[in-house]
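Next up, structure tokens for two forms of one chain, structure 1 and then structure 2.
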Structure 1
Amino acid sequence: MAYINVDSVKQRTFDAIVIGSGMSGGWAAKEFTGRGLKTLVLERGRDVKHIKDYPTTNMMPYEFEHRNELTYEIKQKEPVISRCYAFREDAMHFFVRDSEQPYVQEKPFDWIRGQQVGGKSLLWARQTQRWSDLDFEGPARDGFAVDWPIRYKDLAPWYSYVEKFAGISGNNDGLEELPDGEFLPPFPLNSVEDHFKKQLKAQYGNRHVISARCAHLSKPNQIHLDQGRAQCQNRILCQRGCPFGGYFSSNASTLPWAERTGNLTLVPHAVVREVIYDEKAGKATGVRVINSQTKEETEYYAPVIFVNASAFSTNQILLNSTSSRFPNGLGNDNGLLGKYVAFHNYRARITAEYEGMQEYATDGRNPAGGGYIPRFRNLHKQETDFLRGYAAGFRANRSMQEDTTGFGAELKKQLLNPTWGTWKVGSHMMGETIPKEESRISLSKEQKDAWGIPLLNIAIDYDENDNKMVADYHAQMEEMFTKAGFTNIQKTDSKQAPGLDIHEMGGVRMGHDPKTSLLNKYNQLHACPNVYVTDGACMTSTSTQNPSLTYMALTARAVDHAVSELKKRNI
């Protein structure tokens, strides 16, 4: 007769379990604990406390051994993560190294990971835009993937709820394709960015440049001060962790808020092997976890489980959660788990110069990054030879230049008297890619990681639709730049592998029909309703907006539903 330590089981039993402490996991923790539920948050990486664990946040450039550059040895040893723009000497401690946690690239894919308490919320670009019905209705209208089971009206109040707490700066621009929100004052455009905005409005009417909306406290409200956060100092050193809490992160905001309730238990170094499914009960009962340091295995239990491990890691956990009932992964009755993955296409850029407005220059820093051009192609009808469209960033700057020619006293004089250079302008594309069945992630049958879990196999690539979109972006932006008076226009296609956008989504998509989707309209697994997925894995399509705000809103909404279902004893 097996001995059951009742006290031990009781100590490992909670009202809710959240797997992952990043953007969406932090929100799940905040919402559950705020409603009085004893909540366990499991984080695969180490603990990172707000302020205390930001070791480089106040370092000067000369204090970095390599002046914040990567060494040749690191680039050779960690080729994938070295391609990420934020992986530098000041923030590399927040990224997963290729050499430490390998994965299988059936096709080239740069998987950028941040595994610590707070996850990638410490590292994100902080751009925050709502989706509109033009996005939610896209798959149904254009005939790809499956129809989203929700529309904008379902999520709008939750966008507002999240925006008020997180703190989002921006203007109410009155655009159908980019709904307005609950905004703090915007970070303004500079003179040339505003010039481009006026040119587009005058010459196109339906194309816009707006102040980029971002999760920075331009003017904190009381709710932000109550979180212990202060106004953004425009340092633009965000990837190091902000000691002011000037931008939203789980570490500065949701997790400390949850901790104050007394209902949060946070366990770092917890590698989740699988979700435990009880076939007699017909539901999930807990999770099986391996301590990443000691490799000790522990089980935790709860009546509801939120899987927020980040898009691909969530897929990996569910695929590895097998049982007699679900031999191909939890909830995977239709064989679609891990399929229909998509991302954002960031390959295309364009730069130019502007000889006008020489009486103006830039001063200070803009943490929002400048302007944002909402999607304008195929909005209301199909008008190109590719599906969907793209948004774009836009920024202008003017810097001081030093004349380094000459010798001796003349050179010294020139170096001491720099002059303003020409305005430089630039834009990058954020294109929607189409989720396809052949775009998939799966578990390796041959290789396992340090904890005995099958490695993730990634098979994702661009297609002809993506190539046509790049060509159209270049053509349209060149035309717009030319009309705005910009010169020396240069177009580039980086040909970078998918993944560097860090916007991978899907694999556990939402939908109406259990035959064609994994999750219902409240993010519950169709076949196991007490398991919810609200990170990037749940996305049916990608649209063109930065996705984090939508993950947060979906999470808050799903927790509200889960708590209601628990009270009704439906799960």
Structure 2
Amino acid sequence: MAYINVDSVKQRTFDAIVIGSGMSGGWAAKEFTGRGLKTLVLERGRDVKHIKDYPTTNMMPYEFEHRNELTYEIKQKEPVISRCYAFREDAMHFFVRDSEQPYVQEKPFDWIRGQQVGGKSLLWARQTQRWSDLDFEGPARDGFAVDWPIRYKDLAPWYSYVEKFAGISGNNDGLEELPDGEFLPPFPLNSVEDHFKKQLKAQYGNRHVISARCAHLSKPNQIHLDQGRAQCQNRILCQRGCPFGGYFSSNASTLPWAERTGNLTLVPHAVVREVIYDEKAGKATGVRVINSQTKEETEYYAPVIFVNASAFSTNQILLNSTSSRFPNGLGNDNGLLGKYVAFHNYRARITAEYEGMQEYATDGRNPAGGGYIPRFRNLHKQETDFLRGYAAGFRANRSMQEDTTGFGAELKKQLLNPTWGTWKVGSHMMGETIPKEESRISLSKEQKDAWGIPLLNIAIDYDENDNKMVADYHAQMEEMFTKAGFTNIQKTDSKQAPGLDIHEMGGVRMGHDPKTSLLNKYNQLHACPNVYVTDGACMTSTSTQNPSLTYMALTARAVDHAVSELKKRNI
């Protein structure tokens, strides 16, 4: 090894290193820098500065070469990313293309990646629900995976903490399965969404439609204005990056906040090859990084390291961090690293029409997207032939429609004088999938990427439980739609590959026991406690709720723990 210039080592030494600048990495950066720690954030993609680097944000539809559609050539060349709903002309610069960074699909898996400063926090669908004990107690009650080492009470104050800063709109609905929170005013349900809510309440009692809770500033508080953010302007062009900071992203919120402390060093184009483990010290001492542009290798050092590279990339980094102490990857004494990964089952949809509420439409746009139906299956006891359950989105939409049947002056008149169409209603499922040992990601033995890092090999599939859940969702929703008076009901099963849900989780799961889990209740690696994992990789099970808010809360809690442990010299 080459001699290292001592001053240079000093320059490359920090109080904390955070790998990744997305949803959870941004929170780690904010929490560490806010507590006075000199923090290095490593991002493998390019820098994206809030507003300045949102090139399409104010473009009108006619300014896009193909009116925001994908070309045939791109769909052929980049089939996986082209399946992502948000990969369109207005936001394609924020996604990794298949051809740029290949991976091995042992089984079909649509790996949707956003590698830039801010990561996928720029692109997410912004749905934010707390998990309840019905989720955290799931594996123990139903006998799968391992018991979560935490319960709702451990996370509740941290949910409140991150909600207040991020800005979450919603109602306190008083539901056990969906704990209340610190909310900004909700985006209201429209007339047909309300109709469905009332029908379910009347006919079932225990099935609910609520205003979807989302990370939008419906009415900003001082803390949001202090971040430089403003009220959501209902554009629903979020995936382009929001010039108002109307929704929560690392770029608009946590990263500039961290930067203002003077304690943040942000290094883009930094591909982390591995976490460095010091055998003598018995802990991790830093990370080895390759500059994606120059391929130059650099080491950075810190007493504590947070791995927030996004669920699967975090697994990849740990699997690739080998030493004589950890020949199978950092912290991987039990061989479970990369196993028990899971995702959300989004295959099923149902649509219909409603002839009522002709006296109402909507005006403007709803960034929350409409209603949310919390899980109602197997909630308190097992009542079906499948494990767990599903949440569902529900929205009703009535738009102006133009008659396009004619031609000539008549057609022109028709196009310029649309009339209100009938109400369309639609729902999609978000099913909990069961983490299984055979659902795993591993490093390819043969193939390497442009930086010499083994490609990720992904082998994940649906199982019979998922198929039963799709069938049950269809049957239950059809019944509910029928009871609500909806007509022309259409059910679809997209059979989409896992991954397109963009909710991949696990591989570095939390648990009580080092023999059966990788992380403890504070997200520290059991076998290397100065390394924390708080992104999707840490998840023991998947719940039916969107996971991002939980990543944020886990991260803030873990940083609080790490700083306290550093002070006590425990790590």
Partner chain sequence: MNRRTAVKGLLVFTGGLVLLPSCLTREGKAFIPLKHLEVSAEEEKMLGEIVETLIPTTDTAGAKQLGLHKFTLKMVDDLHSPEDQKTFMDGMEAFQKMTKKQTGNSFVECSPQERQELIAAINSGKASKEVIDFYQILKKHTVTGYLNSELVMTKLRIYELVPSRYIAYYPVKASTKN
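Computed from a predicted model, the values in this text were never measured in an experiment. When a residue number appears, read it as a position in the sequence of structure 1, where counting begins at 1. Just so we're on the same page, rigid core means the largest C-alpha set that superposes within 1.5 Å between forms.
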Structure 1 or 2: which one is the form predicted on its own? 1
Flag for residue 488, CA shift 2 Å or larger between structures 1 and 2 after aligning core: no
Is the C-alpha displacement of residue 222 equal to or greater than 2 Å between structures 1 and 2 once the rigid core has been superposed? no
With the core lined up, does the C-alpha of residue 203 move 2 Å or more between structures 1 and 2? no
